[in-house]
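The chain below stands alone, shown as structure tokens; this is the form predicted on its own.
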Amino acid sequence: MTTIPSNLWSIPLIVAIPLLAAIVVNALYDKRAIRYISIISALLTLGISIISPYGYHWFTGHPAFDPTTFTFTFDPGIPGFRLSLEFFFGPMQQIMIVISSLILVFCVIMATSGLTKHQGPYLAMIFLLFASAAIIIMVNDLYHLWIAVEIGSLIVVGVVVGSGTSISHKAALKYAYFSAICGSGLAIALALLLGITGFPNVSDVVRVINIFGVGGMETILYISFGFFILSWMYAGGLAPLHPLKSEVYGASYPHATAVLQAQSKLMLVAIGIIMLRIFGTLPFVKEVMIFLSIITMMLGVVIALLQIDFRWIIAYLIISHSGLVTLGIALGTKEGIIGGIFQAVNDIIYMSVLLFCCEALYYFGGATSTRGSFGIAKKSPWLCAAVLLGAFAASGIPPFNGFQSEIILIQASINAGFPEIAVIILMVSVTTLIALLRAIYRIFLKPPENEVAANAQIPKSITIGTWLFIILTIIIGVYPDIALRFIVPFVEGGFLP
């Protein structure tokens, strides 16, 4: 037996700190200390995710079995059966958790600045939402996958209800109802895989299928894949379940939507990669994933054009760009997966810019409808400039980050033999720009028809957060290797569990 290495210390902390913060702030309810505890907890989570080394954490203590030497080892480099429930923290997990933690920091500051009642329960939901996303992006076993998706879906309901409107209550009720259906479906899928292979660990499942095959179990694998697809559509808001997720985005506070959309992107990437690893060799699996991605891209951006409220335009654009993320993964090539993960990182960043700008509009009396014109550009030129830059990034215009990931996706589509998909990506980019510019013109640039607050006091946290993420869009747009050096090694197999 080889020497047993220590479990990676940082992985439990990335999950435990948000969980403990949720318990504490919920108990404090409306005390002043909530703000300081929340901010410190978010900063600690961010700091740990930055300095953490790469490695594994095993929860059951079971060593891997090496069938060639009939020995047991914890060494993840041994191509044996893991026999364990494990988390994995690598470069791809690091960059996605770091970006999500940064969003969490500003979300907490904005929430404690803007909300005057029930801060504790609301922030508890925000922390639990982040914890579920962190779990699912690090998970490498079927049990934790199901638990993380279930917890995340339930917490989404609480976050949406926190906005306190009738629209949010309806959206939360719908989402909760379908959560039970999709969660049960995922449990069935995992049970089928466990029954076929006998292992809960994803790496073990993949190894069994690759070495021993599935015999006459192809039908059961397809049934499992079908339930996986249902959960993928539900968790990420893919078509035809996109109305559920778009209502969740549109009915929540914009700062909460920033965390919600980050969670959705992490779920799309994690579940998509797991599906590729387990079902990728089956016929028609990638084709189904590509079809759903294209439909989501097109439906989301078309419906965004029909919206009359800036919040709902952003909500449907988030849906549309989720299709870009899943498209890259669905292509199944190294270039495509790199583009899909890179698109997820970029999308989280530039959508946060737009959502922070939308949050600032609340201080102008909630002027987010495009039916009226408010002339906010004269009252807040910096906000107008920020939302324009965010729109350019979301539309894939250089030198912003959206351009870099979309170029990779276009090249990957052409190299995979799908030039028509490359054209669709370009059409989505153009339509995104049209939808956003129309709203920006009506709200910011057109001479005002309705009176709004002349000197709105926008919290500094919104200003700092907005421009920080704009700077990130430019830095990654000019130097994409800053992000790609975390993604490429993972995809090329050096860090894939």
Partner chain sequence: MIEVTIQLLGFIAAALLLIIGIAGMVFLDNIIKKIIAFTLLSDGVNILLVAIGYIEGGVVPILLPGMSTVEFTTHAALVFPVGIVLTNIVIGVSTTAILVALAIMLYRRYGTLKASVVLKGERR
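Residue numbers count along the first chain shown, from 1. Quick caveat: nothing in here was measured; it's all calculated off a predicted structure.
One more form of this protein should be noted, the form predicted together with the partner chain, which is absent from this view; the next part is about it.
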| property | result |
| --- | --- |
| Contact test in the model of the complex: N415 vs the partner chain, heavy atoms, 4.5 Å | no |
| R371: touches the partner chain in the model of the complex, heavy atom cutoff 4.5 angstroms | yes |
| Residue contact check: G336 to the partner chain in the model of the complex, 4.5 Å heavy atom | no |
| Contact test in the model of the complex: K170 vs the partner chain, heavy atoms, 4.5 Å | yes |
| Listed range touching the partner chain, judged in the model of the complex by heavy atoms within 4.5 Å, from 259 to 267, 89 to 97, 346 to 354, 140 to 148 | 140 to 148 |
| Heavy atom within 4.5 Å of the partner chain in the model of the complex - residue from A377, L85, V105, L388 | L85 |
| I274, C384, L192, I407 - the one with a heavy atom within 4.5 Å of the partner chain in the model of the complex | L192 |
| Contacts with the partner chain in the model of the complex - residues in 170 to 184 whose heavy atoms fall within 4.5 Å | K170, A172, L173, K174, A176, Y177, A180, I181, S184 |
